[in-house]
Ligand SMILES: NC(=O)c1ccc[n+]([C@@H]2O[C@H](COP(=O)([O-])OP(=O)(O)OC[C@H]3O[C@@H](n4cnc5c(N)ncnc54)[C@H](OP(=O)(O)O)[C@@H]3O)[C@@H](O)[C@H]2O)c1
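Below sits a lone chain in structure tokens, taken as the form predicted alone.
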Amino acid sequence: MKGVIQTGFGDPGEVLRVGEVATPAVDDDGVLVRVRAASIHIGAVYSVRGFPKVMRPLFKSLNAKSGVIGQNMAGVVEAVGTNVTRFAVGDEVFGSCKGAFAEYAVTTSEALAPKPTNLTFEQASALGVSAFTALQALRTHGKLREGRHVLVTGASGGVGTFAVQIAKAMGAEVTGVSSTRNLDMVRSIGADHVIDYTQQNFTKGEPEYDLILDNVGAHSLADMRRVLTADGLLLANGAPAPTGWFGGLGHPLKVMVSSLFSKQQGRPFLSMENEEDLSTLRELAETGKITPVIDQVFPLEDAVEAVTSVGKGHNQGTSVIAM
């Protein structure tokens, strides 16, 4: 089969290639999926670049044994292990695995869910890291309640497009921050208000937000907290692109220290993919409360270009590789 293979750490154009690898074997608890689409998240770009360097052992562990990269996909079940009862050959599924950027990938049944019937394979593959991050940030860490006013920075990006829609589904009033060209799109997915960051510095306004999900990290923590209500909460999910051995880790450290002294500062968090939230995202999609925003769809042979493009930023939603 063909897959996107990482040969080292560095620029995607230098360390990635599309090549032939063995189709992964299925053990008794495994599910082999014929991948139809796989989504690209910014974290995958950082993993390929290998920054911060201290994280490289972890980055290596995220790839398949063959070196194939990718984490989230959607496709059709090709084979199942003898212990698998939840899925059968021919089922349309989505979920997570190691080595998603390939024609076939193997995973466990717990990491999969039935594909939402109203989504394409490309859309379903996007219900991955970004969607989990948005859901868990707002619900678990932000304790979002109906009627609260939420500000989402980076509202046109992978996490941001999901955050706007999930916050609306939870009954919040939502303000999305993006560049000029993305304002209409952010408004179209449900934002009640939009702010063009090229024209307006929202941190200079009056305190009015009950929850801020900052996916960019362009303003100081103090400036962000200044526009929160007295019992508001800042969740800092964005940071400068990591470089060097420890670059990129300074921001979450600042957030952690700040959270010890300010009740408005939420602690750093990592989203965790799990079976329950996978079902929640499926339900939100099938009821029309969230629809993944797809920026570009690349064929597998152009996967290196696709990863490079995502690394440049400014995507509208999520880019996808179609097999």
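Not measured: the values here are computed from a predicted model. Numbering starts at 1 and follows the sequence shown.
One more form of this protein exists, namely the form predicted in complex with the named molecule; it is left out here, but the text below deals with it.
- Contact with the named molecule in the model of the complex, defined as a heavy atom within 4.5 Å, is made by none of Gly95, Phe121 and Val293.
- Using a 4.5 Å cutoff between non-hydrogen atoms, Gly232 does not count as a contact of the named molecule in the model of the complex.
- The shortest heavy atom separation between Ala239 and the named molecule in the model of the complex is within 4.5 Å.
- Interface residue remark: His314 is counted as part of the site for the named molecule in the model of the complex, having a heavy atom within 4.5 Å.
- Within 4.5 Å of any heavy atom of the named molecule in the model of the complex lies no heavy atom of Thr203.
- Though the named molecule is absent from this view, in the model of the complex it lies within 4.5 Å of a heavy atom of just one residue from Asn215, Gln71, Gln165, Thr175, which is Asn215.
- Screening Pro116, Gly142, Gly157, Gly75 for any heavy atom within 4.5 Å of the named molecule in the model of the complex leaves a single hit, Gly157.
- Partner contacts here mean any heavy atom within 4.5 Å of the named molecule in the model of the complex, and among 165-173, 102-110, 81-89, 126-134 they occur only in 126-134.
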